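This document starts with one chain, in the form predicted on its own, laid out as structure tokens.
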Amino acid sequence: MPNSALAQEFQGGIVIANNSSGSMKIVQAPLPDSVILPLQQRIGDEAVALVAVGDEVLTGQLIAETTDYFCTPIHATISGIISAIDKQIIPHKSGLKSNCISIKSDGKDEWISLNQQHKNFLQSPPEKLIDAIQAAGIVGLGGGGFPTHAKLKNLTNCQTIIINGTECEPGIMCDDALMQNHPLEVISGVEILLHICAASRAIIAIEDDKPAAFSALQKCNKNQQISIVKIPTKYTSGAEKLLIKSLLNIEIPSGSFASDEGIICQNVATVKAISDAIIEGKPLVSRVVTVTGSGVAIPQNYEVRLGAKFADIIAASKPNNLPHNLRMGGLMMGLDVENIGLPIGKISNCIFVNNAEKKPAEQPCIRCGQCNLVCPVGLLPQQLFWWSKHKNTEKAMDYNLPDCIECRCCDFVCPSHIPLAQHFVAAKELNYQQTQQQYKTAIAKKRFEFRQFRLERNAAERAEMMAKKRAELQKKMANDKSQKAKIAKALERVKTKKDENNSNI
């Protein structure tokens, strides 16, 4: 693929005007007074704390870990003192509390000694580099949060690496800023992945409205295995399967994975973190976060420590005094949050601070079909809505409910303001619950049937055993009767002989 090729446009999706006018600089956020680091990560078991309240820690120090294959360790993101290990609210759709480690800053930001043994990464075995990536706590920073090492381990026959440099939701600027300000680290991270995966090529995909990022990467790229490709700026061009289709014209079937076709995808911020971990020996303790929205005067990108509060960077963007709606992630697929005291996590790529507006009232479906036209994965949202609304998950599954990527394109174009994706998420959850219940019922049925079989088998075995015992007893009794007769006869003979002897006297 040529270095400046333009990928083909996918069917469906929507074009949303990007009204953000923020700077592409990355501002170093002030060192937070304290951080909150959740022990429950996006995937896998809860990590176990390796520290106690009152312990002193350094930046980059390992403070929690787990043996779960899908988990990554947790590191101190500032130096200071462990002030608490308790349950706190974190940014999650459940709204529940999670066990967290809180660190109070000492203001020094003293780091551990960094291990740079893999600086010459071409001399390191791939498995050692994967271990180093896991030890650095790296996950997918584009919003998915899937552990990077888990994607790389046991990978076979990898032909193509795709680096996702898209930001198809309007307003988010962090990856664009990262590519403009750290192009060398991005290219270095891609080269590390090429060495790990033994792939023949890597493609960095950038939307065509980011010419500065495209130019910066082109100038730094000296590797013939790496191509930089423009893709049309259209939501949801960054979805993995759509991106693969646009770049390679390869269709990933429902239920299959990109790795099945020899392809692996990584976010551009994840690649930069890989470079930092392998070249510099730095664990993942910070990320670039965009703060934007109608409620702030200065949309900006901040390099901020993980665990810092939303308030720490929102204040720097000069929010107005009006009531706000807060949202983490994209306006389309993000998560509404209640307050600015929540901690920034590894998947917190953007914080929208918008002036509060009244949502339009939901109205009945007029069956206009607009939702069908914009679905990027070719579903029929109108039909899915009908079956989901009536909780008929069997029919919804017939219309490929699991393939819905919850992009909310259908919501965006719906003239009746129906939260279609919300119904689909609820239907997925209901189907999961029903499937689990069916599984439990099937297991219970098997257990009941086996118990009945066991009871019947035990009864039959007991009856057979009792019959055998009765037969043995009857035989014994018959033998005893015969023995008694013999004894009686013997006694009779003795008596007779004795009587004869007495008569002879």
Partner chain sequence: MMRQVIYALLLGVIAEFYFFGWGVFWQILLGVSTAILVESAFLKIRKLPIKPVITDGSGALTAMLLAISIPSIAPWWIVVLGVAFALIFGKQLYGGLGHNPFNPAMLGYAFLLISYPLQMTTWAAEFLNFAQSFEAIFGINLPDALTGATKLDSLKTQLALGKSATELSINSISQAWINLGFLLGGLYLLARKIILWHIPIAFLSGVLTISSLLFLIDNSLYLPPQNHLLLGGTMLGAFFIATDPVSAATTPKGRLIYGFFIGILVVIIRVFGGYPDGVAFAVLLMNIAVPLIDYYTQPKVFGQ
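For clarity, every value in this text was computed on a predicted model and none was experimentally measured. Residue numbers count along the first chain shown, from 1.
A second form of this protein, the form predicted in complex with its partner chain, is not displayed here; the remarks below concern that form.
- Here the marked residues K245, G369 and D398 all reach its partner chain in the model of the complex, each with a heavy atom within 4.5 angstroms.
- Heavy atoms within 4.5 Å of its partner chain in the model of the complex belong, among the stretches 357 to 365, 279 to 287, 150 to 158, 227 to 235, to residues of 357 to 365.
- For the options Q382, Q134, T393, S275, the residue carrying a heavy atom within 4.5 angstroms of its partner chain in the model of the complex is Q382.
- Distance criterion of 4.5 Å from any heavy atom to its partner chain in the model of the complex singles out E251 from the list E127, E338, E251, E429.
- Using a 4.5 angstroms threshold between heavy atoms, G145 stays clear of its partner chain in the model of the complex.
- Its partner chain is not drawn, but in the model of the complex it has no heavy atom within 4.5 Å of P323.
- Residue contact check for D86: none of its heavy atoms lie within 4.5 Å of its partner chain in the model of the complex.
- Looking at K318, you'd find every heavy atom of it more than 4.5 angstroms from its partner chain in the model of the complex.
- In the model of the complex, W386, K389, D398, Y399, N400, D403, P415 are the residues of 386 to 423 with at least one heavy atom within 4.5 Å of its partner chain, listed from first to last.
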